[in-house]
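Next up is one chain by itself, shown in C-alpha cells, the form predicted alone.
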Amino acid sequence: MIKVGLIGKTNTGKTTFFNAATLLSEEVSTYPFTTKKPNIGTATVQTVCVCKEFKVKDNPQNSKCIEGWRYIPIELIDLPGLIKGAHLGRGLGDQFLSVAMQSDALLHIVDASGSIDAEGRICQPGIGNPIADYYEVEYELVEWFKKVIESNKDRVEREYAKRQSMVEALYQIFSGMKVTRGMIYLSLEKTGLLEKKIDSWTEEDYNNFSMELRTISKPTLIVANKMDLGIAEENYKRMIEEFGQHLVVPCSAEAELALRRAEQQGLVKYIPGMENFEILDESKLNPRQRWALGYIKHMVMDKLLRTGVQLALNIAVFKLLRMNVVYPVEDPEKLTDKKGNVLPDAFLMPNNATLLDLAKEIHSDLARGLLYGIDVRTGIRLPKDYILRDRDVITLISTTKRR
C-alpha cells in the first residue's frame, strides 16, 4: 500500500489533518509533542470511477465508490512534530525521521496563520513564520540523509570495493528507506559524484548529494493549513512566491474534520474533496453547529473552494508519485470477479508498471502463470510487458488463476 507521511513542526495541525483523512480520533492539543509515536491509519485518494463510462452499478471490494468517485485506500502516517536538532536526536527526532523514511511521499503541514513560534508553541496569529518553519524542517530531513551516509562511510567504501559501483554501494545503506537504485543514480549524476569515491567527497559533496536524494526519493507537497485564521491569506501568497503555486495547497483540516463528523451524524451531505456540502435538516442543528457550518461555508468553501485535505492526498499520489488506477476483472463482458462483484478492485500502480507487475500485486501464483491480458475496452490481447495506463480495465489470463 502507498504510504504518505505527515511532517511538520508541532501544533501545525498534522493530527487534525490525520483525523480528518482517516476519521480516527487521535489526541489533539496545544502542547508540544502531543503525538509521541507515529499514528498510522487508512486514508483514501479520489479519482473518477470507470463505472459511469461502462454504465454499470459497481460493487467495490478493495475500495469505495461514492456517486461515481472511486476512493482507494492508502496508508497515512502522522509523525511526531519536529524541532531543531531532530537529526541529532533532540525531542522525538530519531523516531520522527526514521519513520518518515518509510514513506513514499510526504505532506509537509505548515501553519499558514503564523500561530506557532520557532519552538512550535502556540502564539498570536501572525507572529510565526511558516516559510522559516518549512526550511527548518527541511534542513533536518537533509541532515538525516547526510548523517546516514557519514555514519556508514566505512561500509560504503567496503561495498564499493566489492561492487565497483557507487550506486550499488549506497543502495546497501538506503534500500530499507524506500530509496531505489534509480533515485541514487540520478542524485549522483546531478551532483557530479557518479564516478567519485566517497573517501574523496567534500562537505559540499555530502550536502549536495543529501539534498538531491531527499528531494528525489521523498517527493513533498506543502500543505498551508489553518487558512481560515489570521493573516493566512497573506502568508499563503508569500509561500506561493517562495515555492511555486504547484507545490503549495491551501487547507483547513479543522473544517474537513468537522464536515466529515457532521456527515457521519447525518447532519450534512458531504463527499470528501467536493466543493460544497448540503445541510440535510436545519432543525436538527444546535446553535453551535449552525454557526460552525456557516463559518466553514463562508471562510473555507467560498474562499478556497474546498477544504484541501482530499486535494492534498490526491496530488501527492497522482501528481508527485504519478500513480495510475487500474481495474482488473475476471469476466471482460460482465466486468466481474469470480463472485460476481462488478468492478471489484482498483489498484494504484506506479508509472511504467507492466501487466506482469499488476499480476504480482494481485497474487504471486497469478503472476507465475501469466500468459497475457485482455484490454476490456478494445478486446485486444496485451503482452506481459504491456505498460499500464490510467483507467485501464483488464482481464489477466493465467495458467494458474484468472481474475
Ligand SMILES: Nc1nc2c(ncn2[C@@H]2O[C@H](COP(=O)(O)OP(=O)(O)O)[C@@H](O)[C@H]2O)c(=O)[nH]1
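The first residue of the sequence shown is number 1, and the count goes up from there. In this text, all values refer to a predicted model and were calculated from it rather than measured experimentally.
Omitted here: the form predicted together with the named molecule. The next part is about that form.
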query	finding
The named molecule in the predicted bound form: contacting segment from 220-228, 271-279, 197-205, 168-176, heavy atom within 4.5 Å	220-228
The named molecule: the contacting residue among Met323, Ala253, Ile72, Val326 in the predicted bound form [heavy atom, 4.5 Å]	Ala253
The unique member of Ile122, Ile131, Val142, Met101 whose heavy atoms fall within 4.5 Å of the named molecule in the predicted bound form	Ile122
The named molecule in the predicted bound form - contacting residues of 1-22, heavy atom within 4.5 Å	Lys9, Thr10, Asn11, Thr12, Gly13, Lys14, Thr15, Thr16
